[in-house]
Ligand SMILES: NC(=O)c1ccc[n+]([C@@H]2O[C@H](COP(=O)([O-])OP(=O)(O)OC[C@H]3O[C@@H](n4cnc5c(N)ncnc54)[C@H](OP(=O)(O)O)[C@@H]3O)[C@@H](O)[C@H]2O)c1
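Given as structure tokens, the chain that follows is alone and in the form predicted alone.
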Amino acid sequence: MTSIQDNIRGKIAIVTGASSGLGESTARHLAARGAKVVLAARRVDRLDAVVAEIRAAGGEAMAVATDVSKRADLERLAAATIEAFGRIDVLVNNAGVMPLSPIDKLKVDEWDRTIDVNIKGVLYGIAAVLPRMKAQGSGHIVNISSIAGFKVFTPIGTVYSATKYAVRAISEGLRVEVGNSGVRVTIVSPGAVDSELKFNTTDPDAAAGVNAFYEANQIPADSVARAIVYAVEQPADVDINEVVLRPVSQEF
């Protein structure tokens, strides 16, 4: 009898934001289960190091320099994956930023960047893979949102929360739209997880609070990677639509 864990073996998986944190951990977990992993991020040196470690452990991986705020980069990422492996089975839309500050600080450039990465980056990723997945009759899009997509992270994370609410809306709408095409959609909404997101805040007062909150509550990145693996490893007729996970100690 085939183990459910074998459902990942041989799949071609793209992971954005794979140079650190959740993305890196997810790429490593998928590769350990036998997936062929394409790691995407801006920091090529870091990507290359992770790819080398995955290969040394017996996995198969490649790196593609990608800025998810640029649609052309996502199209190039998908094309490179097809060229190397012939198909795309999984996209983990993980890349994100979290610069936090009250709205009245008017950090408009940071708002723009947050929208470009957290919303447009997700949409550009979907645009790059969805036609290919529908044509092959299968595929899995995993979008990373946040607990902040359930409750507005006031008074410092209103814009960030807006982007994560948007990711939830996009994911649910996409799930309905793809219907019986064979494409699955999962949204994963973590609480405080040890990653570089907590270092994105430039406002000194907000940064101090964020760092203290994370130090008191954060769980390892592989906690989320395991949740993603759980969704991906399900049989083709099972779609884990939504996963919400928090540190036990986190109230928000």
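This one's a predicted model, so the numbers in the text were calculated from it and none came from an experiment. Numbers for residues come from their place in the sequence shown, where the first is 1.
There is also a form predicted together with the named molecule; it is not shown, and the following applies to it.
Undergrad: If the criterion is a non-hydrogen atom within 4.5 angstroms, does every one of Leu22, Tyr160 and Ser195 touch the named molecule in the predicted complex?
TA: The answer is yes: all three residues contact the partner (heavy atom, 4.5 Å cut-off).
Undergrad: Based on heavy atom distances of at most 4.5 Å to the named molecule in the predicted complex, which listed stretch, 151-159, 176-184, 125-133, 87-95, is the contact stretch?
TA: Only one stretch passes the 4.5 Å heavy-atom test: 87-95.
Undergrad: Can you tell me whether His140 touches the named molecule? I mean in the predicted complex, with a 4.5 angstroms heavy atom cut-off.
TA: Looking in the predicted complex, residue contacts with the named molecule do not include His140, since no heavy atom lies within 4.5 Å.
Undergrad: Within 4.5 Å, heavy atoms only: does Ser146 come near the named molecule in the predicted complex?
TA: Yes.
Undergrad: Does the named molecule come within 4.5 Å of any heavy atom of Ser223 in the predicted complex?
TA: Ser223: no contact with the named molecule in the predicted complex.
Undergrad: Check whether Asn217 has any heavy atom within 4.5 Å of a heavy atom of the named molecule in the predicted complex, and answer yes or no.
TA: Close contact is absent here: in the predicted complex, Asn217 is far from the named molecule, nothing within 4.5 Å, heavy atoms only.
Undergrad: Determine the residues of 106-140 with a heavy atom within 4.5 Å of the named molecule in the predicted complex and present them in sequence order; the list may be empty.
TA: Counting only heavy atoms within 4.5 Å of the named molecule in the predicted complex, the single contacting residue of 106-140 is Val117.
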